[in-house]
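In structure tokens, one chain follows: the form predicted on its own.
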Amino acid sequence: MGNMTQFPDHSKEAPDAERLKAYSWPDDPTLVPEWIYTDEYIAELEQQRIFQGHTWNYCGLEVEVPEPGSYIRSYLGSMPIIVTRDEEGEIHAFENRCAHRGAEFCKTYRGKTETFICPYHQWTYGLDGALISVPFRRGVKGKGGMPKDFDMEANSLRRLNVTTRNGAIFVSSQDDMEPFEDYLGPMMVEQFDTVFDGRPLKLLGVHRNILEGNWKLYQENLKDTYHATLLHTYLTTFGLFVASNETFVMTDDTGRHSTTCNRRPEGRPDADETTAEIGSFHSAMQLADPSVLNYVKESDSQWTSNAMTVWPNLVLIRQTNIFSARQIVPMGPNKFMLIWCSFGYADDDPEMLEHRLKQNNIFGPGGFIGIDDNEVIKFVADGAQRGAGRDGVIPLGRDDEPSDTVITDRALRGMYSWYRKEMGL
């Protein structure tokens, strides 16, 4: 986009070589050092080199800014931003921080407005982030005021590069980003379009929760296919995700993005040698309303579920007829926020709408599955912060073998190979 009030490009700077000497990453690609989850300097470096580097960051859905003047608060990494739709229908994103004294001026989650006014000194900005009014710019009675050469455009909000695909909005602080389709790669675009297929969307709800732990643990959690068939009673007992299901784990060429595909068979799993190893499997458990498991085929995909991670901050889920976009917002090394956005299609009939809402009880902060993940991430975070330092272990599977098993850590190894390169570690 033109006229960007540009952010500094820290991603091309060499990290502090002397400072990084204190951080020793094991040569073994199956080991991950625990200091990446707890160290303050590493967290600061991530903001510069990852979130404000050459990445496309998910920040919301177009349906959340449905008409001119609509806006939402969002984030680029930990930086608060605002996403708007202007009078011509164009989407903009800019830093939620006044160019004057740096106040975070917008405190409401979403709404509709013609301008944004900073409460501190009433500097006023348009829907594209441009500075349009400064009180007493000419002073009072010829005294005070701004210098004659004060440049309104140069003092606009710092604006972000914006791209969209089929209703999803992504931003970058860099103006030389590759097209989003190239950023994902062809395999990931195909999986992305299984959910975002071009049909208009309908927003079902947004909720937020804060987790104690490092943001990367949540990226890991979705790339860690091993845990999903062991931890979650709801998934395993009712057959939504079991090790014996037909599955496929794919990563893009860089290793930063991944998708886990799963096809659920008809009926519930049998108690056999596979389920015998799953402590969370309870064959006697029943649902009061079994229709919550019904799957209505909506696309040509052979899979009944896809769990996709788009680096660095999006988790995109299609589980039966649930569509969920989760935005990961770092809040320092030991805390992060999740913004859960549930949606369907604008042409859903009342029955499908009710079906989606009922199924959505799986996810969310207190959902049948989400609450399990929240708890174990806290367990891992506690261990990293309180225990004697050690390396995490991700040795399952091989990178050169077929990806048709969930008993593998290949997506985790791919992510950390890319992470080390981007961070200069």
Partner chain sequence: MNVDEIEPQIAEPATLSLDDRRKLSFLVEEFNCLYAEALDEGRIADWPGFFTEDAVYKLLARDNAEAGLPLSLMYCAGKGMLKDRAYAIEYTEMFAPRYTKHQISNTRVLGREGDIVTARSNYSIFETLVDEPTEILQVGTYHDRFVIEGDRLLLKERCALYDTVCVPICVVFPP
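Every value quoted in this text rests on a predicted model; they were computed, and no experiment measured them. Residue numbers count along the first chain shown, from 1.
The protein also exists as the form predicted in complex with its partner chain; that form is not presented, and the subsequent description refers to it.
Contact with its partner chain in the model of the complex, defined as a heavy atom within 4.5 Å, holds for exactly one of 88, 176, 347, 354, namely 354. Between its partner chain and the residues 169, 231, 99, 217, the one pair within 4.5 Å by heavy atoms in the model of the complex involves 231. At the 4.5 Å threshold, heavy atoms of residue 52 stay clear of its partner chain in the model of the complex, well away from it.
At a distance threshold of 4.5 angstroms between non-hydrogen atoms, residue 387 is out of contact with its partner chain in the model of the complex. Taking the partner from elsewhere, residue 107 is found to have every heavy atom lying beyond 4.5 Å of its partner chain in the model of the complex. Using a 4.5 Å cutoff between non-hydrogen atoms, residue 383 does not count as a contact of its partner chain in the model of the complex.
Remark: all three candidate residues (208, 342 and 372) come within 4.5 Å of its partner chain in the model of the complex, counting heavy atoms only. Only one of 65-73, 393-401, 354-362, 35-43 lies within 4.5 Å of its partner chain in the model of the complex by heavy atoms, and it is 354-362. Along 320-341, one residue reaches a heavy atom to within 4.5 Å of its partner chain in the model of the complex: 337.
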